[in-house]
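Next up, structure tokens for two forms of one chain, structure 1 and then structure 2.
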Structure 1
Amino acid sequence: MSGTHGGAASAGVMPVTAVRRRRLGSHLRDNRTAYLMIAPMVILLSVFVIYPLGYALYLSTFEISFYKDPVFVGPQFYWYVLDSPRFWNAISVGLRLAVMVVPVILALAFLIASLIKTLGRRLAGFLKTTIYLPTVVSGVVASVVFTFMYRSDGGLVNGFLGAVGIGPFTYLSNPAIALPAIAVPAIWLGIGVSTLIMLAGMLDIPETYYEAAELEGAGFLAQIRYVTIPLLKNVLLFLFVTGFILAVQQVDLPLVMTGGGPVDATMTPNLFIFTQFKDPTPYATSFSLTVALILFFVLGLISMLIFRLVRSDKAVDG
């Protein structure tokens, strides 16, 4: 095509090749700018994520000793980890904790954010501060406080239940209820941020939508169902994914409250890695490294699945 117009340049008419060259030039310039802008992140990611990850993968093929030369063992430790019932138990504990924690946080945060939205400015400010307070409490401090509250002798929880003739329960020594007992402080710690993010999302929804819905005869529940939730979809997805990953990776609470017990009932994946790493043998070092790598891929896979299942859309605003 361009050949046919090769010598036909005339005043006012730009030849196609020139247009293309110009487009190409500006395209290259655009690309250069784009590359320059993403370069810092790429470099940082390479230095702090990609290289360490590659090196960790390389190291996981050795039995590492800090005093002797490492011994190459190939993928042996991957097999050892995948063959370990304690590893699968840890994954299961992490997932069960996430299932107990995340939906409750989302539901409560939604209700509280809806309530705050309807309040006056001063009261809303007070409530926002109050609901956010647990977030600034350290997980370790919360663990200690809840451990005292759960004590079977003189604990606050058993005190209340005892007043109505229930209990006492040994929350942290009973394998059947230890994990739910840990889920409670996890919910308490996580609810503040989720509420504020959800509230921000709700305040972003134009009021006109609700007015239109009201004119159409939609009640409160219908407004939530057809206006609030669809427009909060991306916020909910974000909170769901980050909450899920945080819950699976929970380590402070079980470490302080139960040490992973009783009989591994609260042994979350990260706590499992930590307890394995502590063991002084070279075997334990390589094993914990391999568990960490496998967990990385497992969590990545879970995140991908969630994104797949709940398709994320671009924001639909007015």
Structure 2
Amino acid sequence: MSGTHGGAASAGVMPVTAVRRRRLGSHLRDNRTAYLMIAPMVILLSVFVIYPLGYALYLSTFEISFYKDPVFVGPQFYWYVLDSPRFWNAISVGLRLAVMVVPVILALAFLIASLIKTLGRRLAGFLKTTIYLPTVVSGVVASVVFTFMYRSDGGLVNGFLGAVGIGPFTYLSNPAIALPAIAVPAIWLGIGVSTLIMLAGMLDIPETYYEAAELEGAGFLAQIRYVTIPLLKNVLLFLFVTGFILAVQQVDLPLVMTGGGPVDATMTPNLFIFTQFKDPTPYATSFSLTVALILFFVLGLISMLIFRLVRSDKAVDG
């Protein structure tokens, strides 16, 4: 009797074991395929991101001079940077520039994209081309053009303001208005791509949502509030994060227009790194490298906080 039960048990266990083995083999094959698919990206990230970052962290623990052998000093330069008032001023300038630029770009891009969406094909194509043109302009060229526009004697901006009895103003020499003056060309350069991305997101929203909202009695503003903006949440989050990081890292405009002045009023973080690297004092290379690493972690922390505060929605098939 016991032999009969043992044989039945063995007969019941073997199929289950075989099924488990087949499932495990299928799982391993799927994992192997997934690993092969992501291997090129992992290799590229390792070569161009992870290794350079690790090597930069290693170099930041040395006093590097072009005239002497490197000397290990540990985290000494990190304390130097964190104790530098100019470093914290540069971070503050970068954040204030981002606050001036990013919300304006998002608002203008939303309005322009909403307008283009309502137009015919030909006029919409013309406006899309027109709004994209500033994007292909070099930041250096834009800096030179706006510098001439801001001139106190014969500049276009002061000329318009003088016609109504205002000004003239020394935009790039006044610490109070130099940073807003740089924010204007930054907005002009960044609005094109943001508008086209915003427009693509709007065109991806099914018209049935608007028809349903209209049947419920929702007007134009209500449709924007309850349909357009919620369904553009991921697009807005992407534009906000990328625009914020690009604005904080702005270097072309302040470098050409003001050189970081007056009195460091436009000294953005990347421009601060550049000026420290070009400084003739010994070990400027180590100091600028450490500033770059700290800025990298600061921007990463800001991005994490933004994603944590504004959670993106999962993609929905309309």
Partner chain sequence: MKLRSGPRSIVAGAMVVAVLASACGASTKPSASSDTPATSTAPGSSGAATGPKVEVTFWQHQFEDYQQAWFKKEVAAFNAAHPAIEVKYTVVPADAWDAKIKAAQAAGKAPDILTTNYGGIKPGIVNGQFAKLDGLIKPEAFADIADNVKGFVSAKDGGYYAYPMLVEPSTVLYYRKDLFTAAGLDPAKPPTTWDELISDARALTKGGVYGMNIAQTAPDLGWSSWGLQYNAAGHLPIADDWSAPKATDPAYKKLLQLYQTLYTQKLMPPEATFPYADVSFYGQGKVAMTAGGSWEIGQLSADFKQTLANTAVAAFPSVDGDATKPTATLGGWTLTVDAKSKVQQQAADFVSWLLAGDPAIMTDFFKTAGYSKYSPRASVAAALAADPDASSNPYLAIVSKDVLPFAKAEPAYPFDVSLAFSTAIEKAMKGSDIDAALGEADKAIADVIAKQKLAGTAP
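Not measured: the values here are computed from a predicted model. In this text, the rigid core denotes the largest set of C-alpha atoms whose superposition between the two forms falls within 1.5 Å. For numbering, take structure 1's sequence and count from 1.
The chain as displayed in structure 1 is taken from the form predicted together with its partner chain. Core-superposed comparison between structures 1 and 2: CA of Ser46 displaced by less than 2 Å.
For Pro70, the Cα coordinates differ by under 2 angstroms between structures 1 and 2 after the core has been superposed. In the core-superposed comparison between structures 1 and 2, the C-alpha atom of Pro262 has shifted by less than 2 angstroms.
In the core-superposed comparison between structures 1 and 2, the CA atom of Thr281 travels 3.0 Å.
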